[in-house]
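Only one chain is shown below, in structure tokens, and it's the form predicted alone.
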Amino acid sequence: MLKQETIFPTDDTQSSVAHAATSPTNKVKSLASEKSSTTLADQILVQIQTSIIKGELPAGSKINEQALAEKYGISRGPTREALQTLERQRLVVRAPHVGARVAQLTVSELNDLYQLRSVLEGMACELAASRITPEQLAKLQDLLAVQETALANGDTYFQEEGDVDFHYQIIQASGNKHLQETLIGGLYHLLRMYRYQCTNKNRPVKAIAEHRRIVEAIAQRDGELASLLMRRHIEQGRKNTELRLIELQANAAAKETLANIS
């Protein structure tokens, strides 16, 4: 079992400042040279996850296990273990007589994911409104202030993990372990893939304002309002992501048509 812990992302609003711009090979070599509690497969998993989420390994492309092992300078064993975890996270799919491929981005799956997420995160907000501690609330408010400052400075956005994640903090404040496990373990990475590759550049400004209203409702202990605002927030994210995905698919189809003609 891999030790990699997955944390739920925020919608179009996490700064890329903290995201290192190192190459997969160099980063893996650095990690491998350090004494760490994580396994080599864990370290490779992070690198391949990032490559898939950012589209460096294109959606739908065939995965060559040997090529990946050579790229990261490791044996096929850790590579195979990492790919098995990616299958469970639905970033990689296998088909008979086809082999492993990067997951395709589809409108129907996007809608299914966001419908489930809306219900669960709405519940997390309702629970958080009654259970959040003063320390957790202060931390959430501090994070929101950091996000607003980053946006004002024109930072670009990449979904970061853990305590620098707006949605993650609310899910933690819900105090419901089963809810946390469902969101963290089941939806995280695939949602990141959709948002990162299908982000509308105008979305962060609106998303931050929506975050502010959600935090205010939680601070007022109004669980019903917080849940409603979160569901609306996620629905707006879904609409924007869907429109961008349709646009990207249309552009790709047009390019393929032109290539076939020429």
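When you see a residue number, it is the position in the sequence shown, counting from 1. This structure is a prediction, so every number in the text was calculated from the model and none was measured. Basically, rigid core = biggest C-alpha set you can superpose within 1.5 Å across the two forms.
The same protein also exists as the form predicted in complex with the DNA; that form is not shown, yet it is the one meant from here on.
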{"query": "Interface membership of N64, the DNA in the model of the complex, 4.5 Å heavy atom rule", "finding": "yes"}
{"query": "Close approach of Q220 to the DNA in the model of the complex, 4.5 Å, heavy atom", "finding": "no"}
{"query": "The DNA contact in the model of the complex: P78, any heavy atom under 4.5 Å", "finding": "yes"}
{"query": "Contact of G99 with the DNA in the model of the complex (heavy atom, 4.5 Å)", "finding": "yes"}
{"query": "Option from 90-98, 174-182, 103-111, 118-126 whose residues, in the model of the complex, bring a heavy atom within 4.5 Å of the DNA", "finding": "90-98"}
{"query": "The DNA: the contacting residue among L144, L187, A150, I74 in the model of the complex [heavy atom, 4.5 Å]", "finding": "I74"}
{"query": "Among the candidates C198, L229, I53, L40, the residue which, in the model of the complex, approaches the DNA to within 4.5 Å (heavy atoms)", "finding": "L40"}
{"query": "C-alpha of K139 off by 2 Å or more between the shown form and the other one on rigid core", "finding": "no"}
